[in-house]
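Have a look below at one chain only, the form predicted on its own, in structure tokens format.
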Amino acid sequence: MDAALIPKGVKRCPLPQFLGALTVVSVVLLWGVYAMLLCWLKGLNQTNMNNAYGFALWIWADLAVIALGGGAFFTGLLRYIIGKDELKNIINFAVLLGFICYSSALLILGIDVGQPLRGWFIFWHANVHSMLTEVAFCLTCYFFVLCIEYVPLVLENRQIDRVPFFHNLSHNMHEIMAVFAATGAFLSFFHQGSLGGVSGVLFARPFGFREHILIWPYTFFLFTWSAAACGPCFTILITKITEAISRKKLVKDNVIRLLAKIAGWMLLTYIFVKTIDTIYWAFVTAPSKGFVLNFFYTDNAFYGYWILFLEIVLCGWVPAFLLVVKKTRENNKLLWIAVFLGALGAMVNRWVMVLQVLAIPVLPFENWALYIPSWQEVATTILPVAYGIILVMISFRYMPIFPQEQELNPIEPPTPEVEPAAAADAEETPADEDPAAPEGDLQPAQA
């Protein structure tokens, strides 16, 4: 039964091995579910959040997965709107990762709210003066767009596709996928930007506050830009990890290199603007509010200058140059390093804009607010990771996620066995002699 669900022309690991790996990850998933239920049943006192850290590890994870899921909307934009046809061989996987990231983000918000049954309040009793309202609307709408983009992959399962209705439905959905790709790019631009704008408008938090372009702070545009730059890096990274685990080549090098090149230029332009933004903030914006640069870094070792170097240089300029330069981009080891650092850069940026913003004192009698998450927070943050691994495993096994897999990994047909007697007769009979011809007659070849 399992073999009948696997796509034709590809090979998968034995079912017991698959179930064993699935069981291990499911244990981690259940650990996170247990912690989630504790938070729902007993309240947020299960966490170490306090008056200083109303936004903590959960919100960092939420913003991080939304940024990494940006590979879905940006790759879809490149494929369907700009017309980079080569990316059709990786767009399915980008959509899958985007679906995982955005569903994980909604799950994290459900845990953070504490009363998920009242989640509809944010839509029915919307605070129209809050950017988080716009984030909630766009985030939810884009998640539905990703569901629509993910459904055709499910319908293309070997057995489901045999039903004419589902076959025609998936085909027709592919035909209009450009509409959903454009809609997703539009929605992503606003919710990615508004997530950055939340800290950028906080006058009381000088570390996050930025000058404005019209009504939008610089962080509004930087968040969208970084998601478009680092999201494809995450897509390439997970593709490479999937290839390493499955021991198969799943996507041709020209596809990976094209997406890596585009991500490199996006990352290079982003980190250039981010550097200018940081310099302007450090020497113009912060001093205008009565703060000097040393105040934000030297009074606490946990948020020293090293984290600024990590975000701007090591996870910014370094992967940008590695991806832009053709020679380093085509080196497999350097490509691994570049996409890993690119994805890490988005996570570090979200960490800084969520946790470091809250850690820095803003009143004379305050000290640096340190924060160590509880095990419940850690477990519920790992929960989406385990969920994502399980969904990737199931999708990869039973759905045609990678169109080039069959071409890159041809299955050799079994060699027919030859009977020993027939083999002996074949050895005794010359290749150019007809055994049925009378002795002494010359064959055409001999003649």
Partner chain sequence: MKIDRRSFLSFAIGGAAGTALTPLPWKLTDDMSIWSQMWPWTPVPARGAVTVVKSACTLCPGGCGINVRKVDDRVVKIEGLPDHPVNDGSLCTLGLAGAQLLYGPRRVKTPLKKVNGRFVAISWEDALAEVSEKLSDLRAKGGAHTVACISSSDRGTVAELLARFLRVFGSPNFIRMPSSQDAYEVALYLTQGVRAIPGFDVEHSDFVLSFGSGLLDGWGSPVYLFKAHSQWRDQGGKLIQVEPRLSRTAAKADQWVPINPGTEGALALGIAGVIIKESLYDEKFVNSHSSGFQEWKRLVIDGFSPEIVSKVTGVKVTVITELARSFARANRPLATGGRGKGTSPGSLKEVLAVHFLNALVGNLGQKGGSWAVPEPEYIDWPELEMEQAASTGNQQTRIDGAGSDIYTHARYLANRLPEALLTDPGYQPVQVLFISEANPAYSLPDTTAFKDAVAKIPMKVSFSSYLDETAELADLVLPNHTYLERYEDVPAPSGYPLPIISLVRPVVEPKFNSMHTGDAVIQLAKALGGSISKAFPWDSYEECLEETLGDKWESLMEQGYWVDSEYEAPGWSEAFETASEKFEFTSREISALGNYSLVKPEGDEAFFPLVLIPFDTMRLWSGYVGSPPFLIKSVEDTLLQKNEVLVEIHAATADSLGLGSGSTAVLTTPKGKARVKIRTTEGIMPGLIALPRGLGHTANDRFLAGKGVNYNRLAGPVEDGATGHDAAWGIRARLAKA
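Since this is a predicted model, take the numbers as computed values, not measurements. Numbering follows the first chain given and starts at 1.
The same protein also exists as the form predicted in complex with the partner chain; that form is not shown, yet it is the one meant from here on.
In summary, the region of this chain contacting the partner chain in the predicted complex, judged by heavy atoms within 4.5 Å and restricted to 111-119, 222-230, 235-243, 274-282, corresponds to 111-119.
Among heavy atoms of T328, none comes within 4.5 Å of the partner chain in the predicted complex. Among heavy atoms of T269, none comes within 4.5 Å of the partner chain in the predicted complex.
A residue is said to contact a partner when one of its heavy atoms sits within 4.5 Å of a partner heavy atom; F166 meets this definition for the partner chain in the predicted complex.
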